[in-house]
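Shown next as structure tokens: one chain only, the form predicted on its own.
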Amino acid sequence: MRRALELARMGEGRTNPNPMVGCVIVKDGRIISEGYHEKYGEYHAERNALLRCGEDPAGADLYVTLEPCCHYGKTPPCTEIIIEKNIGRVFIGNVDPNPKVAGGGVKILREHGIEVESGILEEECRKLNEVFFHYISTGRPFVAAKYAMSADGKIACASGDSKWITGETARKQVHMLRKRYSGILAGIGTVLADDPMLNCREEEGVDPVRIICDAHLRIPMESQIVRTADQVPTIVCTAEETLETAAGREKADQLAAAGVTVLHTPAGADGDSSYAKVDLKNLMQQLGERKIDSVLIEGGSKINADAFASGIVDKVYAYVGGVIIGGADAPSPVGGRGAESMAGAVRLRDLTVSTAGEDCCITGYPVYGKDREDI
């Protein structure tokens, strides 16, 4: 199963909104074939492994990180070929939460005399597909907030200079994250300040859908994001009221002509930022309907504050650089009004700390305070 997990990760960034799945076939104590889900819309791991098997797999054990599917979709059901090839036993990491499967694959295999055991390295297999498990159960993208800060909690100097708080290793890891998530979200402030590309610069990486929150459609037509919108999928989300003005409709038409998809949301939370009237909860619902299963937030303190206040953040990657910036006016990763008491603070569970060159990364999952029970 550990080898199956290794194989599954090879599909990272190419299977969304499907899960990453790996499969290993063992006979007489030998691995006789293996495979993984390589790309959305193509054969699943089990079928790849069985079709590439160089010898008769009859009676063999099949290890797979997720329950074999039992329905026709873009590909035939994996249970069908497992039965056809006379596999003897099937060992599963996780039962598939997809309502179209949800134990149905196990039931069919057992009805055909195949021994099935589930829960093998269950936690590791579930962790691998945390995005899929969240998306399939909620219909909304799994949202991760990523930021880099100094050892004293600043994301830039008071002057705005922020290059670079972390080193090359940490920045390389960020591009790996961009490969992992389907979409990357930033506020208009980041676009106006940095004119970023927000693409994945990893070899064989897949560019995420770029999503810009821009309530008043201030994004420049000459920005890198707009100029490359015909090459990299790009969404600009604005406030509903902006499109009720002639200037707003004209700008939206110009963006659409450049290849940008323009979305709008009802009025969101009050605030003093340009994206404050983009309702992030509503936006996440719209993105989920577009099969965007995961979003990486790479913005400044204002959009981070709005994301946490909206309760949409499911995971945090906090990179900490070995530098002290200081300054009362230097921004921190999360701005806004913040929690009024510690009881209302967002806490992180399941913390892990890893090194990234001379920097470190703190990863955790938000638990919202009791004044956010509506989330």
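Don't overthink the numbering: it's just position in the shown sequence, from 1. A quick note: this is a predicted structure, and the numbers were derived from the prediction, not measured.
In what follows, reference is made to the form predicted in complex with a small molecule, a form of this protein that is not presented.
- When contacts are judged by a 4.5 Å heavy atom cut-off, G73 counts as touching the small molecule in the model of the complex.
- Heavy atoms of S301 never reach within 4.5 Å of the small molecule in the model of the complex, leaving it off the interface.
- Although the partner is absent from this view, D306 stays clear of the small molecule in the model of the complex, with no non-hydrogen atom inside 4.5 angstroms.
- At the 4.5 Å threshold, heavy atoms of L62 stay clear of the small molecule in the model of the complex, well away from it.
- Between 39 to 47, 310 to 318, 341 to 349, 328 to 336, the stretch whose residues reach within 4.5 angstroms of the small molecule in the model of the complex through a non-hydrogen atom is 39 to 47.
- The contact with the small molecule in the model of the complex, taken as any heavy atom within 4.5 Å, belongs to V101 out of V262, V101, L121, I225.
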